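Each of two forms of one protein chain follows alone as structure tokens, named structure 1 and structure 2.
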Structure 1
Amino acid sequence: MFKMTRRAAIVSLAALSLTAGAATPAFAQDKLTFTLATAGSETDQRSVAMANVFAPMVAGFADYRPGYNGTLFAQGTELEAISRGNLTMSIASAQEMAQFFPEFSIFATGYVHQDAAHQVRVFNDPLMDAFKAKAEEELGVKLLSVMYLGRRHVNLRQSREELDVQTPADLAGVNLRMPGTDSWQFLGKALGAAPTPMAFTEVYTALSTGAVDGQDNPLPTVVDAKFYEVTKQIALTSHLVDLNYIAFSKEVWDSLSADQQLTVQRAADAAAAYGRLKQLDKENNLADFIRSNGVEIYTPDLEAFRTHVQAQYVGSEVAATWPEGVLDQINALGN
């Protein structure tokens, strides 16, 4: 894995073809234009939060123009587009940030964040200052706020009678689909499973045919993607309290007045808070629906999972990139 500076990111995009929408200038003559690129749909909770909360709050001086389903930039290229000056905003994962700055992998590590409130405390704590500064200085990306995606759980094709998952040892040999980046694959192995990289759009078919034994996602995703139709159990491992950052162009930010900057920051925080509450509500109310479709939901030995997963990171190449003492600081902000 390499560290890509802002200049390198700009050069790497020089050969990319931009859609007409992506090439929309950042500024209109009389009013600013904030473009946002996301791989999510218009009905995705993060998209809804930005459209319903962020956009109205900045409407006094900026037009908000989102591009959904990867129509402006392909998933994974949005941060480079911001760096190059062709995009104002994106909704970025810690895993994507880690592709540029490996130390961000600490925020994508199993059982580091405890819950949604802990995510917010960590993001707003001084321990994040060095991470945020590096993103601004080397990539030209300002991280405004943190969005809650939910607790990820292990979701399997086998019934509980066939496979009762209580500890990581029970996942030995289980072919678990995980996203393709190094940090995701490491987490899959740390859980005790045999992780398989696979595009999200292929997961439903892979589960239905048995190409994979399972997948991991929050309950709202299980419902949205209808994974409950092709699986029989969910072990509530809560192995990752997943997040996204609202990423904003540092160049555009620096061009704003102090009042405009304050408005943009407040709008991002409000959108993140709105989305967080909506996602928590979904998580709390979807279990009964999933059970009604024949999927058994239960809680395994969480202490066994937590202890095993975190032990896999000790002394690893992944953990070697983490600044000294930061993990202890994160843990100290927990409940």
Structure 2
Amino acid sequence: MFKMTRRAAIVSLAALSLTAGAATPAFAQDKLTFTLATAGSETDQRSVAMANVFAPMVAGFADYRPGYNGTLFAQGTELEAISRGNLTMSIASAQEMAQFFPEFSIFATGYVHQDAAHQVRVFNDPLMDAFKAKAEEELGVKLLSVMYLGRRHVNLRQSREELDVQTPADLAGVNLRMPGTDSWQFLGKALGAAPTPMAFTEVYTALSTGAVDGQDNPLPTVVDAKFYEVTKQIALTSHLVDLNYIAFSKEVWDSLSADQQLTVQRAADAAAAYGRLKQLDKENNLADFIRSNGVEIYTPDLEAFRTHVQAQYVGSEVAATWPEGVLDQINALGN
């Protein structure tokens, strides 16, 4: 029995409406459903941007259905779900992409991206073309836009009196939770810590029980996830100016009309721009709120951190996956 796949159904319906255009009223294409999975909360600025900007822009032909806090698919499984046709979109990370294509680890490397604008220049540069093409051809994932997650800092349960973090040596033996993928664990070690892999949704409890000593996320996430309630200090290491990608199913993309594709692309770019501005605003204005909740925030020896972290990557198996010359191209796009 011929099982019409979802895509075949969409394509045949579209074809019918095209051919039927002359003789009979075109079939009104059923509204599509764009499902999105994220480990983030509903109030995280990236989620807000998708709901308030992306969703209304595609509402003419698609209903947007987000699943927050890893409820639709667990953190780190979203790209596989898209690839298998079980999910339309995710707020993906370069670290998750690197699980399929190790060379993506270059975009997850400590002290490479300098700021949000640098991330945008890199994502829109021709150097990305081969990365994007490989993701589409081999994983069925189209990277639509780059989102700004923010500057990641070391956030610890210990007070500064108990543990003053000036250099990576001060993190020796610290049980630092990092997300689960290899490039995250590499970064945790490069910081000098003893990294523990753990899903984002488990971090608050792990901090409150002391199962881990700390975590690393940007200030807006520290507030949104209420990590300030269960930690005592933030050393502003800025060890990764972190990003996410709006990842979209290539199969669904290919089933869209040219106009619909243009609308989806514009909606993703608009959501990414909106979320970036909101996240930057929060990042620049939350330190006092966090301090008012008993968390000491200070700047460590940044040169010591930058030098040490970068030295861990030189000659590493991670750096060996980077295409020749790409790091120089990324640096050339910096300030």
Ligand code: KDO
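The first residue in the sequence of structure 1 is number 1, and each one after it adds one. Each form is matched to the other, and the largest set of C-alpha atoms that superpose within 1.5 Å is called the rigid core. Computed from a predicted structure; not experimentally measured.
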query: Selected structure - criterion: the form predicted on its own; finding: 1
query: Rigid core superposed: F289 CA moves 2 Å or more between structures 1 and 2; finding: no
query: Rigid core fit then L280 CA moved by 2 Å or more between structures 1 and 2; finding: no
query: Displaced residue check between structures 1 and 2: R84, CA, 2 Å or over, core reference; finding: yes
query: Cα displacement of F73 between structures 1 and 2, once the rigid core is superposed (Å); finding: 4.0
query: Backbone CA shift between structures 1 and 2, T43, after core fitting (angstrom); finding: 2.9
